[in-house]
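Single chain ahead, by itself, as structure tokens, in the form predicted alone.
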């Protein structure tokens, strides 16, 4: 199944991320530095959101989350992503995701957990981690799980929409986005598991017809 944002994402990379990546490389900034800086920015945005500043929290988190595309583009322009760079990027993503969803749970708890938003948030957090784990584990086993309706970018965008709705005074906005996100994240887990299972090579003995 196609990703939610595909052509728009490529357009952003082409017109915004690529020129920015070239500029940063030209002035000596490394992809790993961008990765760490982006994570620090997300942590700041998450803290703002947890304190009730939904608009600024959403803006900061969204802006800093774009570094996930920026550091990868910079690495490719330098000739490829290093193994440590890939490890650092994945580790920082997990930290950032935990901070963002933890901040949302904290905020919703202070609001009395409207529409069960805390439950949806926790489901989204756990399912989101499993989505990433299934892909990484499948690759290590020689399988392909690079599919899914809601990958990390889509999940952050959905959460961002919910944050903006909440900032506009719509109490149902953030919980509604979280329930949508929870459902799509769970679906993505199963999509990846099923796809990985279909890409497993058939053993020679199983492929041979029985005499």
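Positions refer to the first chain, counted from 1. Model, not experiment: these values are computed from the prediction. We call the rigid core whatever largest set of C-alpha positions still superposes within 1.5 Å between the two forms.
The same protein also has a form predicted together with a small molecule, omitted here; what follows describes it.
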Contact residue in the predicted bound form, chosen from 109, 126, 86, 141 - any heavy atom within 4.5 Å of the small molecule
86
Here the chain is shown alone; which of 182, 69, 176, 167 has a heavy atom within 4.5 Å of the small molecule in the predicted bound form?
69
Counting only non-hydrogen atoms and a 4.5 angstroms cut-off, does residue 31 reach the small molecule in the predicted bound form?
yes
Answer for residue 75 alone: is it within 4.5 Å of the small molecule in the predicted bound form, judged on heavy atom distances?
yes
Applying a 4.5 Å heavy atom distance criterion, does residue 35 contact the small molecule in the predicted bound form?
yes
Even though the small molecule is not shown here, does residue 113 get within 4.5 Å of it in the predicted bound form, heavy atoms only?
no
Is it true that residue 112 shifts between the shown form and the other one by 2 Å or more at the Cα, once the core is aligned?
no
Using the core for the fit, does the CA position of residue 137 change by 2 Å or more between the shown form and the other one?
no
